[in-house]
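Here's a solo chain for you in structure tokens, the form predicted on its own.
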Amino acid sequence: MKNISIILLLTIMVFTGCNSGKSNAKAHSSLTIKGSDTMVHLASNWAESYMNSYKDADISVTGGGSGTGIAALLNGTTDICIASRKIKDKEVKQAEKQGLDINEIIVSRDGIAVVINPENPVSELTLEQIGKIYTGATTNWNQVGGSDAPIVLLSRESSSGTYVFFQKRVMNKKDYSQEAMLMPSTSAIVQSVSQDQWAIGYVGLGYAVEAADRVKPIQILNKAGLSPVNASVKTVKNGSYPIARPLHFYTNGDPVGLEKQFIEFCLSDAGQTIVFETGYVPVN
């Protein structure tokens, strides 16, 4: 009876070990990516291309905002956080308290296009004018050379890296107008602007390019009297477009396994070609 018990125990251990090995193999071939809505389209294109070449890889990409992605990295529910803003000091400190080692990788660059409805006659604004619109100091299009119509103000939610970057770069860190409608995603801003003649919003360059038949990007003047600049890959790369930023991957520690291989692909010539084709700006 004792011998039978030992045999059963060994059998259970071997079976459990085999299952554990399969589970680890499966985990090794899967990757979760979460965060910036600005980067979802790009990250999805990277993932699709990678999985076409490596059939055993399973890569899941979801949005929700940069803050959501960073929170997911801190609580261990994503392998890679995609973020359109730099991680905050308080988030780094929280990670350190949890014993995490945050690793930052710049994988692309992006311009933020300020978009309006194609039926709106306004075509250019200064950074100062846009800032006043978003802080609520300017509320009617006739105050910036347009028609006599109230401005319908659209913004991303506060968890969005684009929200934070736009507030810092365009609004000099001032508060958003209480009239601003906070939208759950970039695609929601595109849809709303395309349907409302007097709406204004801001979106990543890739989304503006993709929705060129539905929204009109505003030409931006750094200062009155200078030539206006369009949002484009060229103007972001040469530094003439004023609302531009790097896009990041964040991982816990140095990437290994599939995580490392995928990031290397994103930074490769093939991966950076996808960046350009998606409407973003390559890092090299």
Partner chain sequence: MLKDKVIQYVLWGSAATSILIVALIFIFLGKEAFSFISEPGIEKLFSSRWVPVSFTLEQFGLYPLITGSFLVTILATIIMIPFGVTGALYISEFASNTEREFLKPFIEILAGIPSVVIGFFGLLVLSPIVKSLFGLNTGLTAITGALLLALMAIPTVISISEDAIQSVPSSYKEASLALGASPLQTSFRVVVPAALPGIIAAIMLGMGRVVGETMVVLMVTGNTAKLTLSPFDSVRTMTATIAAEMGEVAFGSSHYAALFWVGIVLMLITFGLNVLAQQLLKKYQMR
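Keep in mind that what you see is a predicted model, and the values were worked out from it rather than measured. Positions refer to the first chain, counted from 1.
There is another form of this protein, the form predicted together with its partner chain, and it is not shown here; the text below is about that form.
For the options Gly145, Pro118, Gly76, Pro150, the residue carrying a heavy atom within 4.5 angstroms of its partner chain in the predicted bound form is Pro150.
For the residues Met183, Val107, Ile133, Ile200, the 4.5 Å heavy atom test against its partner chain in the predicted bound form is passed only by Met183. For the chain shown alone, Pro217 is not a contact residue for its partner chain in the predicted bound form, no non-hydrogen atom being within 4.5 angstroms. Though the partner is left out of this view, Asp196 does reach within 4.5 Å of its partner chain in the predicted bound form, counting heavy atoms only. In the predicted bound form, at least one heavy atom of Glu157 sits within 4.5 Å of a heavy atom of its partner chain. Proximity of Ala211 to its partner chain in the predicted bound form falls outside the 4.5 Å heavy atom cutoff. Picking from 76 to 84, 185 to 193, 99 to 107, 121 to 129 the stretch near its partner chain in the predicted bound form, with a 4.5 Å limit on heavy atoms, gives 185 to 193. Across the proposed site, Ser30, Glu264 and Thr278 without exception lack any heavy atom within 4.5 Å of its partner chain in the predicted bound form.
Residues of 152 to 177 lying near its partner chain in the predicted bound form, listed in sequence order, are Val152, Glu157, Ser158, Ser159, Tyr163, Val164, Gln167, Lys168, Lys173, Asp175, Tyr176, the criterion being any heavy atom within 4.5 Å.
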